[in-house]
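Alright, two takes on the same chain below, each alone as structure tokens: structure 1 and structure 2.
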Structure 1
Amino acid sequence: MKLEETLKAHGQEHLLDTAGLGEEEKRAYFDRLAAIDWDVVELWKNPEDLSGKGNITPIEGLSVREIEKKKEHFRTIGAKAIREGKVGAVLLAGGQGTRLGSSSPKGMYDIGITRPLCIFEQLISNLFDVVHACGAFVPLFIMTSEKNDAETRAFFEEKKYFGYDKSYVRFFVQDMAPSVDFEGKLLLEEKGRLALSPNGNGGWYSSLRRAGIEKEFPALEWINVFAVDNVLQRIADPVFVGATIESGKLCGAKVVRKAEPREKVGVLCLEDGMPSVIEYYELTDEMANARGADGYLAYSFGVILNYLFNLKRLREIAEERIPVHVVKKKIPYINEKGEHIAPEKENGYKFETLVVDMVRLMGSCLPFEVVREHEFAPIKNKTGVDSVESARALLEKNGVKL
């Protein structure tokens, strides 16, 4: 079916107006329109109900105490896999440092005090610990966004990849998803340009796969996914890798013990017997306060967005559709007169996938507890809780010179 017919079939004739666009602009615009996944766009009519939960029960995992007992055994297994090139890492770095007062990629934000130290450099330093311990570089795939890709690549070149072997580093751009108004009409941010946004952190593997770069490392069997904003996390941690491999599970998740029953973190548990992450507000008071035989909270495994995924299973679930969340948002757009509108209230839907939904699709998951003060220093804000200030304090506590 020709593009014009496709657009008309979906009630999107307004997108055919290309008056004033140059030939190159038209070509790029039509290419973008031709790539639209209409199955996703049409979800606005009947979005999947993702709010209901099945039978929620606690999940068994490895506590810090249990890990300590078998630490060297796990490390041996994980280090072997790393040396054999079976472990790669994906850094989710598509965001900007807007909430920190910066218009640059978040990873470029300087957290140093007496010396320059950007978030990217600290994360590479953490990864170097594994390189030195295992005697092998870990392939690192950095997911950027259309907005920050060029700046991120240029920054790594300028900083000479912070000493990391650049032959093991690849960049790829996160897939974008279109936005629609409440009648399902695709919105434009400019004439000839769709209003697009990143398709959620669950889109990392489809984006990586489309880029084709995983094929450059044929020995890969496991991928460790982590977010840019936790500057203390251990990446491709051989103990974590070894424990997950030995467990026979297809996924591992680093978790921290909840500080108190109602802490606002996603909790790893079982839903109808399958691994699942549920939000803190979805726990009843009884569930939130329940304790197991070990005295710990029964639902105490708070996720920190550090997951290890089996690549073979990832390829299988890539053929399935990861749940798409249809989210109401305020979406800037141009109206039929070409005027730019910055809405003051929600005016449409965005389509997002979440990495936590991938955990369930993997079918099995090993919760791997880490010590919060050693591996969890998120930077969400400039000051206060989960801020540059709190992260600096934790970095110094862990011996990092700032």
Structure 2
Amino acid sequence: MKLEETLKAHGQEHLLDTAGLGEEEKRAYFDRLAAIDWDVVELWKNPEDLSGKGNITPIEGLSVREIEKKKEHFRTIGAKAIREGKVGAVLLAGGQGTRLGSSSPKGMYDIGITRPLCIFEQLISNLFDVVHACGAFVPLFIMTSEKNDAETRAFFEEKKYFGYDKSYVRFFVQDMAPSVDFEGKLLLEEKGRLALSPNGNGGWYSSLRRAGIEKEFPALEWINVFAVDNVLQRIADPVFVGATIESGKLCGAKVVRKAEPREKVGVLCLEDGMPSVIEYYELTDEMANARGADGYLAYSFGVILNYLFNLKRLREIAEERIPVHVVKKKIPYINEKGEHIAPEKENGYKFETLVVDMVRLMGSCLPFEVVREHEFAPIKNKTGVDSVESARALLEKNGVKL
């Protein structure tokens, strides 16, 4: 079908106005339109279809106490895998950090007090702990988006990779997804330019694979995926790696114990026997308050976006579609008159995939409990909960000089 017909068939004739565009701009615009995944765009019609959950039951995991008993054993296994080049890490840095309100990549945000200390530097410093302990560099793949790729790369170059061996660092760019208004019309950010945004953190493996860079490290067997914003993050933690390998599971998830039954955090569980993450609002009161034989809340493993994935399994499931979430957002756009609008309230939907949805596809998962005060200091906001302030306090508690 010709592009024009395709657009008409999807009720998107408004995109055909190219008056005033140069030949080059027009070609780039049409190429982008031709690449649209209409199956995804059409999801705006029934976004709630995704939320249907199966039969939810608690999942067994390793508690801090159990890990403590076998720590050295796990560490030996994990450190060996790291030395053999079997463990890589993926830093998810393609987000826009809208809540923090900075236009630069979130990792460049300075959290220092008496000295400059950006988030990227703190993360590399955390990774160095493992490099020093194991005597080997860990391949680090950094996922950026079209919006922040150039700035992120330039920043790492300028800062000389914070001392990390740059031959172990690779960047790759995640895909972008279009946005629609509440009638399903694709939005434009400029004439001849769709309003695109990063397609969520669930696309990391397909983007990494397309970039072809995992093959540059042929020994890789495990990939530790982690978010840019948790500055207490332990990356490629040998104990976690060792425990996951020994468990025979295809995925490991670092989790923290929920502080109270109704805490707003996604929890690991089994859904129809498969590992899955259930959102706090999907838990009934009965489930939220239920306790296991060990006295802990039955659904108490809160996920902190730190997962270890088995690469062989990732390759097997590479072609499978992961769910696309249709999320209401404020999306800047141009209207029919060509005026730029920066909406004050939500005006449309974005399409995002989430890394949590990959856990289910992995088929098995080991919840690995960590101590929240030592490993979880996310920076989402400027002040208040999960903020620069709260993260600074936690870093200082853990002996980091700010």
Ligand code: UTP
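Only the largest set of C-alpha atoms that superpose within 1.5 Å between the two forms is called the rigid core. Quick note, the numbers are simply positions in structure 1, starting from 1. The model shown is predicted, which means the values in this text are computed figures rather than measured ones.
> Which of these two, 1 or 2, is the form predicted together with the ligand?
It is the second structure that is the form predicted together with the ligand.
> With both forms fitted on the core, check whether the Cα of Gly11 differs by 2 Å or more between structure 1 and structure 2.
After core superposition, the C-alpha of Gly11 moves 2 Å or more between structure 1 and structure 2.
> With the core lined up, does the C-alpha of Gly348 move 2 Å or more between structure 1 and structure 2?
Yes; Gly348 is a residue whose C-alpha shifts (by 2 Å or more) between structure 1 and structure 2 when the cores are overlaid.
> Would the C-alpha of Glu279 be classed as shifted by 2 Å or more between structure 1 and structure 2 after rigid-core alignment?
It does not, since the Glu279 C-alpha is displaced less than 2 Å between structure 1 and structure 2 after the core fit.
> Where the core is superposed, what shift in Å does the CA of Asn335 undergo between structure 1 and structure 2?
Taking the core as reference, the C-alpha of Asn335 is shifted 4.9 Å.
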